[in-house]
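Have a look below at one chain only, the form predicted on its own, in structure tokens format.
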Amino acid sequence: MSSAKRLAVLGGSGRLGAALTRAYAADFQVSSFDRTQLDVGDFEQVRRSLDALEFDTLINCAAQTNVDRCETHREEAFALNGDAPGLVAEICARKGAKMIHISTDYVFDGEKRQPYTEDDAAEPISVYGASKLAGEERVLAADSGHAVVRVSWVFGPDRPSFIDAVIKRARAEEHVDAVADKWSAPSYTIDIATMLRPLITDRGTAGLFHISNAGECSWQEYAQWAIDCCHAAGVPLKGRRIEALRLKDMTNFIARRPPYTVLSPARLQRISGLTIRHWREAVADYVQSFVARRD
């Protein structure tokens, strides 16, 4: 195996990190770290572990992604989402390695009503979004060869996500609801792995990228489609219809949520030539391949 195929993954037990670790194992020499093996909040451990590791590309999936916790633990959020990626980026630059840092659609305020491109100004409205934007800026400032990849509404088989929670509720209850006035695009971890591959194999492809499945939807539409796919696949559910909630009625939310954060993956498509499948097809695949097989 050539040295050009040495890949490190931080946050390797998370929903996306686990999928990337599995997807790339056949083609890369993958060193994957979960939080117990490498805590990005422990900066001395980060320096010690990464200085001793040989790798050509590092994908950072480690983050504090609890949006409401970030709002009440600002210092922790900026340490994990801002300072830690910056430190990792500096280490990668010093070692001559490329860093691919995973960020979020929450860096936007959600006031736009058409898909956000990489040229749109980031204006976060929560501590989570602001801390992630700080991480982006530090990563890109550390080395012009690094890449930042924003993703949205990530789902996949390795950790439960929004649609898994919806399906779980629909198994037990007839009445299930979801927010109808918040829009984005679901991103299937298995598809993200495919879309990220050109950034790994082409060291010259750097900068800011948006990645998601094609199309857009509300949380309600997303949930309804998942339930419809479950019924079509023979998954036993009590619930069949997703009722509408309004974002302003979500009084349990501490942090503000941006109402519209659809990301345009057009830049990556132009560079890679990839065809990105629609979110409905990806969700149907997930339900058939993983949810239905659990029953």
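Because the structure is a prediction, the values reported are computed rather than measured. Position 1 is the first residue in the sequence shown; the rest follow in order.
Although it is not shown, the form predicted in complex with a small molecule is what the next lines describe.
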Worksheet item: Is the gap between L16 and the small molecule in the model of the complex 4.5 Å or less for some heavy atom pair?
Response: yes
Discussion item. Test of understanding: in the model of the complex, would R35 fall inside 4.5 Å of the small molecule by heavy atoms?
Written reply: yes
Discussion item. Is D39 part of the interface with the small molecule in the model of the complex - any heavy atom within 4.5 Å?
Written reply: yes
Worksheet item: With the cut-off set at 4.5 Å between non-hydrogen atoms, does W153 touch the small molecule in the model of the complex?
Response: yes
Worksheet item: With the partner removed from view, which of 170 to 178, 126 to 134, 196 to 204, 91 to 99 is the stretch that lies within 4.5 Å of the small molecule in the model of the complex, judged by heavy atom distances?
Response: 126 to 134
Worksheet item: Just one of C230, L58, I242, A63 has a heavy atom within 4.5 Å of the small molecule in the model of the complex. Which one?
Response: A63
Worksheet item: Here the chain is shown alone; which of A214, L140, L80, A122 has a heavy atom within 4.5 Å of the small molecule in the model of the complex?
Response: L80
